[in-house]
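Okay, here we've got a single chain as structure tokens, the form predicted on its own, with questions on binding and movement later.
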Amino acid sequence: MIDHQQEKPLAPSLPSGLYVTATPIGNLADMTGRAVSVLKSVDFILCEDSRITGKLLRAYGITTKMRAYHDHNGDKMRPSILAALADKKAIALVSDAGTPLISDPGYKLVRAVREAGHKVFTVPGASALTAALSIAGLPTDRFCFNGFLPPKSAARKKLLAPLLAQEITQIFYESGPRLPATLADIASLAPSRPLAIARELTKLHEEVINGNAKELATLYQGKSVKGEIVLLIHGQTKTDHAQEENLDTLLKTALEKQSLRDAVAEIAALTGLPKNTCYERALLLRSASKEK
């Protein structure tokens, strides 16, 4: 008797190893053909959230089983993953969106796999970092990716101050709700610095907004912002450096003979800069002086 039921074609076999596989950052059509083939072919898929990855797999008819791998279970999971690789299994690692290991803890697994002598393969694709950089209109020859900024203002400013003094484009991931406060902090440190805000990349409401820090801080003040954000900051120019050196010199001289409040008021009036900008610089100068 002939069985007329069509059997599901077998996916091609893969060499044993860990396949670090990029997935779309928003638009499902950005999934690569190779990524689909790999996810169909591996023995199982390591994912952050099976609900999110499950939607992607269903969209492409991928039935490979999933296993959770994230911050909270990584230490517990790695021994079993290494054992599976020792058993010649092929395993894929995905994040909720984009390229794994870019601002997530997957490097610990990659390091463990390599140290155990197993293969690690890249299946490249979408990344919010490079997607934003490619369309923001800021210099791309030298840049630094810094992940997510601290949630509290004081820690954020402490991190930002030395980065804003560098002559390369600085890139951060940021959440919508925290964006207005982050812009206000940047504006207090470098109000004229050009920025780009890339939001909802590859999705229906994709947008890139350009302007200086003061303009964008004012634009977003009090706003409720939704979506995933990539924030890009132009590197310091020679003009920026000269202006900041001049401000520091004026503030240091003023602080030697009067209170912080009076020094800030005097220099703000002299330079035409916002009092908030002068105040933040004065605090940084005083903090640096105490650390010496």
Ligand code: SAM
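Start at 1 and count along the sequence shown; that's the residue number. These figures come from a predicted structure and were not determined experimentally.
What comes next is about the form predicted together with the ligand, which does not appear here.
Trainee: Of Ile233, Ile229, Leu57, Val42, which one comes within 4.5 Å of the ligand in the predicted complex, counting heavy atoms only?
Mentor: Result of the distance check: Ile229.
Trainee: With the ligand left out of view, choose which of Leu163, Leu138, Ile102, Val110 has a non-hydrogen atom within 4.5 angstroms of it in the predicted complex.
Mentor: Filtering the options by heavy-atom distance leaves Ile102.
Trainee: Which one of these stretches, 194 to 202, 178 to 186, 211 to 219, 110 to 118, sits within 4.5 Å of the ligand in the predicted complex when only heavy atoms are counted?
Mentor: Selected stretch: 194 to 202.
Trainee: Going by a heavy atom distance of 4.5 Å, is Gly98 a contact of the ligand in the predicted complex?
Mentor: Yes, Gly98 sits close enough to the ligand in the predicted complex that at least one of its heavy atoms falls within 4.5 Å.
Trainee: Could you tell me if Ile25 has a non-hydrogen atom within 4.5 Å of the ligand in the predicted complex?
Mentor: Yes, contact at 4.5 Å.
Trainee: May I ask you to check whether Ala128 falls inside a 4.5 Å heavy atom distance of the ligand in the predicted complex?
Mentor: Judged by the heavy-atom cut-off of 4.5 Å, Ala128 is in contact with the ligand in the predicted complex.
Trainee: Can you tell me whether Phe143 touches the ligand? I mean in the predicted complex, with a 4.5 angstroms heavy atom cut-off.
Mentor: Judged by the heavy-atom cut-off of 4.5 Å, Phe143 is well away from the ligand in the predicted complex.
Trainee: For the stretch 137 to 155, I need every residue with any heavy atom inside 4.5 Å of the ligand in the predicted complex, listed N to C.
Mentor: Contacting residue: only Phe148.
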